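Only one chain is given next, in structure tokens, and it is the form predicted on its own.
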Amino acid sequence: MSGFSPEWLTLREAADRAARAPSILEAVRKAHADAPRCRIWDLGAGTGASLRAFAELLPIEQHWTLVDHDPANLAAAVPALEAWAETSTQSDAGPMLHKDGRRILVRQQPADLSQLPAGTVPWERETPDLITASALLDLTSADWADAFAEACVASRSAVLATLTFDGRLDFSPTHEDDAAVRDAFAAHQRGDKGFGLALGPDATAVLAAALQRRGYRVLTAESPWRLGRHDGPLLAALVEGIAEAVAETDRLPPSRLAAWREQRMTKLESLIVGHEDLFGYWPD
């Protein structure tokens, strides 16, 4: 399974929060408006950005389980969450965060999510009310998405999958090799990221269909990053990452890719990176 460092997750968190679709967030809020508590399992949790983003939408009492395969991310999560909270106390089960009148218990679960198609689910001893995943689905395979949908049905859990890459990369100003870079990057996105051949830009549609076949109601909406010069470090990291991915495909001569990278590092004014958000829930 591909890894994402705490530094990269910190760099992108503000852009992620600004991009998430308001209509999806409001649907999540309404779905949990009358609940006294909520049990959330966050897949590919990183340093806890989803908790920081979604806690305000959920009930007063929240129990979060952060699931990640990378011990560095899990190690960074608790200090980051304690810094975000107004106060934090320790309990036998884990840190208890206090924020905006909410009590948020945090637990951590190391797990290799690529094993899900084999029938292993990290929440098998507890039924989550909500399963969240941010910037994860496009890395997974069709088999994984189908197994995940089946696991959600078994627990009747709501699903919130945000910031799934949809293939859109719009650079400004334009460059003659933008299309070639975009095509090569799309090919790279469909390679094996540890789950089998990745769904890439098709991921939201595939999961939506898998949930709907099983009786879920599903809402989707666009959630693009709209980045400008004020996002300089993130833009630079994205250009570097895209260039590295394209280089692995051998679809663009190295000299052309180097020229594209240099132009993007020095003259890029804005970039739109397309994403989609999904909320699926079991009808009453």
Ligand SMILES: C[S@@+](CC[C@H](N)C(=O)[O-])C[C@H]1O[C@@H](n2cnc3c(N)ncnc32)[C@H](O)[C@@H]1O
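It should be emphasised that the depicted structure is a prediction, and the values quoted were computed from it without experimental measurement. Position 1 is the first residue in the sequence shown; the rest follow in order.
Only in words, not in the display: the form predicted together with this ligand, which the text now covers.
- Residues with any non-hydrogen atom within 4.5 angstroms of this ligand in the predicted bound form fall in just one of 30-38, 43-51, 57-65, 250-258: 43-51.
- In the predicted bound form, this ligand lies within 4.5 Å of some heavy atom of residue 12.
- Residue 139 belongs to the set of residues with a heavy atom inside 4.5 Å of this ligand in the predicted bound form.
- Within 4.5 Å of some heavy atom of this ligand in the predicted bound form lies at least one heavy atom of residue 73.
- Taking non-hydrogen atoms only, residue 82 never approaches this ligand to within 4.5 angstroms in the predicted bound form.
- Shown without its partner, this chain lists 151, 210, 135, 130 as candidates; in the predicted bound form, only 135 has a non-hydrogen atom within 4.5 angstroms of this ligand.
- This chain is displayed alone, yet in the predicted bound form one of 170, 146, 183, 112 has a heavy atom within 4.5 Å of this ligand; that residue is 112.
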